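Next up: just one chain, as structure tokens, the form predicted on its own.
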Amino acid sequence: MQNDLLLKALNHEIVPRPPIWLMRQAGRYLPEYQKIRSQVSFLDLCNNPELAVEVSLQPYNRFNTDAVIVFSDILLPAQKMGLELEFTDDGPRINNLISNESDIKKLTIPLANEDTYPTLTAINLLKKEIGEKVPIIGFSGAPWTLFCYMTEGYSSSNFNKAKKFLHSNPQASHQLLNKITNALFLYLTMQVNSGAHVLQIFDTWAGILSLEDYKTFALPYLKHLISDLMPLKVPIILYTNNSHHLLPKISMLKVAALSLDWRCDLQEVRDNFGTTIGLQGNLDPTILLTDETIVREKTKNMIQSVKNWQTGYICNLGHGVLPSTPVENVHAMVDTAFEFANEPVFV
């Protein structure tokens, strides 16, 4: 591969500069993305492989990022399992949410093929388009995060309805989480078979759980999913949000790297949980709303805060790029990471 910095970092090999890609690097802040979205709905864009490839490549072509992540959405498996998914101005919405055990029994575990998931076709096309230039990242949500949307119906700051269901129906909750996990395993396996070099699992709502509930309802299914994916021999990045209280357990998972939000001190995580697991992140996305000077300063400080960043570190945000982000500020962040190639290497 021409640019294998990301793969080397995930393998803890020494790299001359930190690899960089950004969560939601393809999205509403890009004018070329907005042009396409003016002609097609978000869900239709996700399910149109040719357009999904075009959008996936937009940030790579503009910023020369060290990876291309396929354009899709974590909730597509919920739709394929039998739920009615739509995207509104306020975000995703599931209209026939799970409210009882009977609803869970109606869910199917879909075959993971290109007829079911156009995303798989998009990955295949991406592979043909970029060849061996940079790695392709496939992704999904984590079982718990999908559970949240499937029982709440939409995004929430607390997911009270989902947590109420969890505690009121623990047996049914385990049944639902098991079904979700099985569907995700098939989906992620086929992403690798289609050409993904790296997988990222987004457990965006892990942080709303107590440690005890996380150990009971989220961790076992995430561990099971990761373990079943191990034979594929591709590195897995796990993103968790607002999860500082969960790190003692999360850090024990057999993933190549933890992608953390800006509330975590990266070096503190490395000091507490060792250097055998990689780190990704974790600039606050609101920094990109400021100006280029601040972005450069904060990005440089973040990278330098990680001792021996030359092994096992990936520069990224602590969450996705915000829609109102100026394009020139993304350039500033990426360029700052590139400039570390001129720094002396100490390991």
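Computed from a predicted model, the values in this text were never measured in an experiment. Numbering starts at 1 and follows the sequence shown.
The discussion below concerns the form predicted in complex with another copy of the chain, not included here.
K.L.:
Given another copy of the chain in the predicted bound form, answer whether the residues Lys163, His167 and Trp262 all have a heavy atom inside 4.5 Å of it.
P.N.:
Every listed residue reaches another copy of the chain in the predicted bound form, so yes.
K.L.:
Of these, Leu57, Leu43, Ile294, Ile36, which has a heavy atom no more than 4.5 Å from another copy of the chain in the predicted bound form?
P.N.:
By the 4.5 Å criterion, the partner-contacting residue is Ile294.
K.L.:
Between Thr88, Ser157, Asn95, Gln171, only one gets a heavy atom within 4.5 angstroms of another copy of the chain in the predicted bound form; which residue is that?
P.N.:
Checked against the cut-off, the match is Ser157.
K.L.:
In terms of non-hydrogen atoms within 4.5 angstroms, which of the given stretches 203-211, 106-114, 142-150, 120-128 touches another copy of the chain in the predicted bound form?
P.N.:
It is 203-211 that comes within 4.5 Å of the partner.
K.L.:
Looking at the partner-bound form in the predicted bound form, is Glu32 within 4.5 Å of another copy of the chain by any heavy atom?
P.N.:
Contact with another copy of the chain, no.
K.L.:
Is there a heavy atom of Ser194 no more than 4.5 Å from a heavy atom of another copy of the chain in the predicted bound form?
P.N.:
No, Ser194 sits far enough from another copy of the chain in the predicted bound form that none of its heavy atoms falls within 4.5 Å.
K.L.:
Gln79: heavy atom within 4.5 Å of another copy of the chain in the predicted bound form?
P.N.:
So Gln79 does not count as contacting another copy of the chain.
K.L.:
Going by a heavy atom distance of 4.5 Å, is His245 a contact of another copy of the chain in the predicted bound form?
P.N.:
Although another copy of the chain is absent here, His245 would touch it in the predicted bound form, with heavy atoms inside 4.5 Å.
K.L.:
Could you pull out the residues of 269-295 that have any heavy atom within 4.5 Å of another copy of the chain in the predicted bound form?
P.N.:
Contacting residues: Asp284, Thr286, Ile287, Leu289, Thr290, Ile294.
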